[in-house]
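Below sits a lone chain in structure tokens, taken as the form predicted on its own.
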């Protein structure tokens, strides 16, 4: 269901009559200066930062379900962002059901998604950015990266040009990166040095030449805002050459580089910065630790882990100062707005709102809407084939009887669909699918289009593989990925979620150490034997020449599977048995 704005307001009225709790911030009036407008946010102070992150090439409004499992371990247990469902709502005093509870949680997802409609969309985001900026002279718009792709057909087929031009139209001032690097170093340089020149600054203090250690990008910039000198430092994803193919950025070295970060903050202060903002793609747990060990950062506008956190965490630095740590969600679903009141040499007060972008509440910006329509409705040539992107993406492949989603620490229903497709299409006993956090949601009864498939699989290294692996190797892979996710030291976490599995059942105790987390591995009710071989399908290998390459691309495998089946139903989700997480507010049953 895609409601018009008029129908949406009628739904809100009906919801109120039915007993839905609609807090003052969610009672919607007419557009403009209506005090009941949830997007009416008067500025506070003299420094304003607007922030979005991890939109993953989503130009149009989408459905996106927040996770029901986002576990924290050690000191991260029970600390944002590791709260889901009711625990998150209780922490921030948000009523349910309502507009905000739907934005921030998975609770009653299908019912509320049918009421409130899609989220995000660059035309709607553009309107909101203009509205908020009108109230904040000199405000900066920061893009936290993962904008050009990782989950977009048009991004892949235009080599990111669709998103680059959209960023320019949106008025982005500064960005950093992660999935941008999967288009290759040459393409990144081409965009930064040509398209962005004089318009958008690409910052990354932690990307250096692999041989000489020279910085590839400018580390920071200083902008004057209402008489205040504001420094913005860029921090790209530290583990890009590990999480993604190294050969795409073979001459560049990454890392957290917290020592260099301290030097960068000191240099910015020495250059006259009075306020220091870090635009980060570390992930929220890493940002929290960074704020604890680096002095002089006033706020971190964070991304990578796709966490929609309604309010900043106030983190004490090594010298006792306070750093505000935020994380801005994903898929164009939110716009973060940070206002700082800087007077007499220090920040006296602040205001922060993470505004959900509901497409039915915001009129699309006409210029951006025209651009999106034009850029999608064009012919491109990819992999030797010439086709119209809009026509290709609109193909209806099958119908889903169930909710299809990805986001969460373990298998989502769309992940399971991908694993089922891999096992059937390439004749494998077990399937592995990456724990990416991008990928949109399909409501029950909706057609599954080729665009939905590209939302889940569109990347620059799509090869499907089929290999034999020993049971010991399978366990080693699971242990390795689990340690990336649940290491007790945030600086060793690489983001993403647990690898998705098909055919295989197992248990996991996130609280234990590497080598001890995975157990009870079974296939078809029989224990996995360490010395036996099993046929395993996968995709998105980070190797330049992946072993067992079938010659097929993942989106073709999934699309062929859907065409064969016409209707899909995920009646039982293949999640692992969780151990050691009793009472953890980062897990909830669905």
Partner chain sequence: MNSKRRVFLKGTLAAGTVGVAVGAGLLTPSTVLASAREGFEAGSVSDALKSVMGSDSHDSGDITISAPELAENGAVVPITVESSLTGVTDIAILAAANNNPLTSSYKLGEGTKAYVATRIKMGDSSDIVAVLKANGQLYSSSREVKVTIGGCGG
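Residue numbers count along the first chain shown, from 1. Model, not experiment: these values are computed from the prediction.
Unshown form predicted together with its partner chain; subsequent notes refer to it.
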Give a yes or no on whether each residue among 256, 432 and 492 has a heavy atom within 4.5 Å of its partner chain in the predicted bound form. yes
Identify which of 539, 63, 555, 561 has a heavy atom within 4.5 Å of its partner chain in the predicted bound form; exactly one of them does. 539
As a check of understanding, the residue in 239, 342, 104, 116 with any heavy atom within 4.5 Å of its partner chain in the predicted bound form should be identified as 239
Want to guess which of 461 to 469, 195 to 203, 392 to 400, 87 to 95 is within 4.5 Å of its partner chain in the predicted bound form, heavy atoms only? 461 to 469
Proximity of residue 496 to its partner chain in the predicted bound form, heavy atoms at 4.5 Å: yes
How about residue 450: is it within 4.5 Å of its partner chain in the predicted bound form, going by heavy atoms? no
Taking any heavy atom pair closer than or equal to 4.5 Å as contact, tell me whether residue 178 reaches its partner chain in the predicted bound form. yes
So in the predicted bound form, is its partner chain close enough to residue 243 to count as touching (4.5 Å, heavy atoms)? yes
